[in-house]
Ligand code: XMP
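Shown here is one chain on its own, the form predicted on its own, set out as structure tokens.
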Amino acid sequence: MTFPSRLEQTAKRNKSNIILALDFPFEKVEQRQKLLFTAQKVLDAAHPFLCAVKINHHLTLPLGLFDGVQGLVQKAHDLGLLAVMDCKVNDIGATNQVIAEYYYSAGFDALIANPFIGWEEGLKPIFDVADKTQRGVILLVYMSHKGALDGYGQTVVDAETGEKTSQYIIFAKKALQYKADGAIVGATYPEKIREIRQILEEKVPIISPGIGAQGGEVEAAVKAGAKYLIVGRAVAQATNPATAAKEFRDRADQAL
């Protein structure tokens, strides 16, 4: 099965479209085992209300890919969840290929990549590795932070048509062209979700980060066309992660 099919199947089984980002504050290096324990504890508590977990540099840097993070990926799988690596791959093709091979070898079901690098000797090697290993590639189309406008929102000349257009519109069209397994569009910009969904239709699912701590609203993102919602600190750093995850899950379900 493809990554989008497996994610949809998991979402239906768990009755949740919530992806948990395991984002934690900085810990001193000597406290990294505490960090691992905290991540495991949050996963144990919140997993009934999730469809996937997203891991990025917050955990990969202190724990190591194969020393600690691989165990978290396996734990997610044991709990019936998929695992996404938010590495935002953004280098030359030869480097990207090795990056993808390592993350997929660690068990990740999909990784996130930056379309700014282009296709030839950029994204193509990542997609080649993903096809070979039956994993997914999710593209950044519009990020959730305020500075996203400076890059993803800039007006550029489309190399194919010669027309002036917004960078994120080109990236949305590229996600279709490359047959990406998902498109990241910040929940903090529901108007962008709506606009991008008109391009992607139902062919590439929109995955929206920024729910909670960054100010993104569940209802607005879902109604605009987001299929999956990424929630980080509002659950990972909550006093009761299970209660917080359930609340987001229920709100999303009601909005749908």
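Numbering starts at 1 and follows the sequence shown. Note that the structure is a prediction, hence the values are computed from the model and not measured.
Keep in mind that the form predicted together with xanthosine-5'-monophosphate is not shown, yet the notes after this line are about it.
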Requested in this report: Work out which of the listed stretches, 119-127, 165-173, 99-107, 81-89, brings a heavy atom within 4.5 angstroms of xanthosine-5'-monophosphate in the model of the complex.
Outcome: 81-89
Query - Heavy atom of I206 within 4.5 Å of xanthosine-5'-monophosphate in the model of the complex - result: no
Query - Partner contact for R233 in the model of the complex: xanthosine-5'-monophosphate, 4.5 angstroms, heavy atom - result: yes
Report task. Determine whether any heavy atom of A213 comes within 4.5 Å of a heavy atom of xanthosine-5'-monophosphate in the model of the complex, and answer yes or no. Result -> yes
Requested in this report: State yes or no: in the model of the complex, is some non-hydrogen atom of M143 no more than 4.5 angstroms from a non-hydrogen atom of xanthosine-5'-monophosphate?
Outcome: yes
Query - Residue among H47, K227, H58, R197 with a heavy atom within 4.5 Å of xanthosine-5'-monophosphate in the model of the complex - result: H58
Query raised in the report: Considering only 19-39, what residues come within 4.5 Å of xanthosine-5'-monophosphate in the model of the complex, judged by heavy atoms?
Result: A21, D23
